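Okay, here we've got a single chain as structure tokens, the form predicted alone, with questions on binding and movement later.
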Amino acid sequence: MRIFDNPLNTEWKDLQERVNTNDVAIEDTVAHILKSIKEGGEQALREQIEKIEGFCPEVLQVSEEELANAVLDVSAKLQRAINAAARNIREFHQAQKPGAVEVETMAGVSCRRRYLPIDRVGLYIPGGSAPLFSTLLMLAIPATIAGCKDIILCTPCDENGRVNSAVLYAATVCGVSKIFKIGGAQAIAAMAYGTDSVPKVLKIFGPGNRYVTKAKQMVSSQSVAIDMPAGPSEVLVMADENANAAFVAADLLSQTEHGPDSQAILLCNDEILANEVLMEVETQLDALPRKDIAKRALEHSRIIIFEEVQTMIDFANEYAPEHLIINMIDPWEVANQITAAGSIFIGEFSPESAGDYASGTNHTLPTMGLASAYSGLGLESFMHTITYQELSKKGLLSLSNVIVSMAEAEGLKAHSNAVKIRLYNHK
């Protein structure tokens, strides 16, 4: 990591630059997979799985027996951890239930807004070296609380056709039973278009590699909604001279082990702390099993020294991080001035990993600076709203001049006629 000492505002843009995630190179491949499965259905899905994975399970759906066996494969210690995390996530999201809105905007004119669950949602959970069973909790628990009727899960299996046991156990904890052994862009295509075995969904949630991300982006313009645009994971730590350098270094490294394109930034107001953190990063890095991945992520991570706390705040708001850790003497004073962040971690004993796993907040968050306009997932992400209006004859009469004047000013005569015919031809 490089240290930058009091960079000028003109240098901020370069310092806030994320890793280039231009995926034009894979666009043709993903487009071919999507088109093939959209047109060829189940057979094309199986052909794509065979081509990409080297084999295709005879039965794509996880059986009840496999689910039952998964419970036996997961240690009691991990089961207790998953159950505890699920409780916290459930409690926080249960509290987010929105209420209906009903307003009489004027006499005889009543307007309402009602929340409804999305009937069928699709969840994607990656496999590979780090199967994210924690993400399944973050997605499936709010989906069940929201009242989604059908929850479809796609996740890769190994060469023996086995899905990671912790993922399956998390699914049973959440009450998800429609699970398919499909990974990659082909899983997104199956859920977006539907096949003989995989139901078509209305919205797709979950992280993935470049192919999954590109597939989600492409299907979102065609036939299905997605949770949010996604990029590499990122953390920004704000720390002052009172911060423990070991804590700060651990927070930076916890993000870099996600992937080589992840990014970690430290903002601090103390040169001594900056150098101590740099030394701690090097020491802790050597002990990490995923140090090669973390080391590559550190190449585009940085430490930035600002003399003034307000300058740190201004930089943080411009960067709009996915995760923001405030390890400072008065963290809430700083946090109350932050206007753009996916999730904020307050104080020295609030590591980002707490939110990733078990505090209760959702860890599916906006990246690439989109936290200035997008929110992390919550209960409302699994719901949609319908508005209603009911006008009495008196209400329509009171509002008629407004509607007619505006409609005719826009040249939409039929709109004004829809009002006039009711008032002047009503029996």
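These numbers were taken from a predicted model, which means no experiment stands behind them. Start at 1 with the first residue shown and count on from there.
The same protein also exists as the form predicted together with another copy of the chain; that form is not shown, yet it is the one meant from here on.
- Another copy of the chain in the predicted bound form is approached by H415, whose closest heavy atom lies within 4.5 angstroms of it.
- Among residues of the shown chain, D119 is one whose heavy atoms approach another copy of the chain to within 4.5 Å in the predicted bound form.
- By the criterion of a heavy atom within 4.5 Å, S350 is counted among the residues contacting another copy of the chain in the predicted bound form.
- In the predicted bound form, another copy of the chain sits within 4.5 Å of a heavy atom belonging to S375.
- Exactly one of the stretches 29 to 37, 387 to 395, 62 to 70, 47 to 55 approaches another copy of the chain in the predicted bound form with heavy atoms within 4.5 Å, and it is 387 to 395.
- Heavy atoms closer than or equal to 4.5 Å to another copy of the chain in the predicted bound form belong, across 396 to 417, to the residues L396, L399, V402, I403, S405, M406, A407, A409, E410, G411, L412, K413, A414, H415, N417, ordered by sequence position.
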